[in-house]
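Before any questions on how it binds or moves, here is one chain, the form predicted alone, in structure tokens.
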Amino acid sequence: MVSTALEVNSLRKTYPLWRQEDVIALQDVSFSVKEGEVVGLLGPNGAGKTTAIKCICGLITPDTGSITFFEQNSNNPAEHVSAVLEGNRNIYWRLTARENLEFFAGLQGRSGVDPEIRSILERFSLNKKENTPARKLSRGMQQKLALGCSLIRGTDLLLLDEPTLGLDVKTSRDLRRYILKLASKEGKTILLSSHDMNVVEDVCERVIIINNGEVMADDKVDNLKDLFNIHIYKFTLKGRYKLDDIEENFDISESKYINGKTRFKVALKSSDSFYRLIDELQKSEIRLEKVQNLDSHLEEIFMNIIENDGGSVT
């Protein structure tokens, strides 16, 4: 039987402001993550997800609620959690790459980890920079070092906040595969927060969406796609057209004119909407060349949930 790695129960956190109304960052937030799961934690800026992550790490104390790790009553998150927070900010810039890894291993009381350090340096292509101070590394290398420092601590629960920020395409793709391997082969449990929906969709089977300090959705990605039944179409038109009238009634994106053709994407929820759009194009005497049915993407689902809640993405 798979046990629960993380149980968040009824978290509430309020930030008092001088001469202003208090800001409620979290209100009755509850969710759980099972061992070996890779779960996405999503939300627009100011939704409360960063506050939730910092509460789990023990960096912020919630007003009320409880957090349980691996079904144990422990008041020390450091025993169970390693984190990459807000990009590359959890490394020490005056220490070298190797010294950072040695330091974070020492914080966990680990010794004899030189083989692991060498493996991490090689995996993230940092072996030639192991004696370089972190402040002199590129942004992408700093990000890889931050992830390495979370891994060397040897905890079973990883919190990754924007883990691919600053990485090139190849390294980002390799990291996605590595995250999946950490869960499937090494039994790590991963809570991942990112604004890159491609990353979340590639590695997460389940997502938790927070907005205005509340959990708005908690389900498998495939179930959310079925629930909202969003279909994405790519239209190609012959000639240059202004789509102002069409945009008033349909959710059009990525409209552009290239090589004598106008192209755009549109999110539609029903076949009726599709045929209404075709009728609108015909009434405007727009020449339609091609229509492609694309797969639904997590980004459209996320926006649908947030907009239905009345929130906004900033």
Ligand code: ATP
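Position 1 is the first residue in the sequence shown; the rest follow in order. Bear in mind the structure is a predicted one, so any value in this text is a computation, not a measurement.
Separately, the form predicted in complex with the named molecule exists; it is not shown, and the next lines address it.
- Residues with any non-hydrogen atom within 4.5 angstroms of the named molecule in the model of the complex fall in just one of 64-72, 249-257, 22-30, 283-291: 22-30.
- For the chain shown alone, V266 is not a contact residue for the named molecule in the model of the complex, no non-hydrogen atom being within 4.5 angstroms.
- Proximity of G40 to the named molecule in the model of the complex falls outside the 4.5 Å heavy atom cutoff.
- Contact between G36 and the named molecule in the model of the complex is not found at the 4.5 Å heavy atom cutoff.
- Although the partner is absent here, H195 lies within 4.5 Å of the named molecule in the model of the complex, judged by heavy atoms.
- For the partner-free chain shown, P44, N45, G46, A47, G48, K49, T50, T51 of 31-54 come within 4.5 angstroms of the named molecule in the model of the complex, judged by any non-hydrogen atom.
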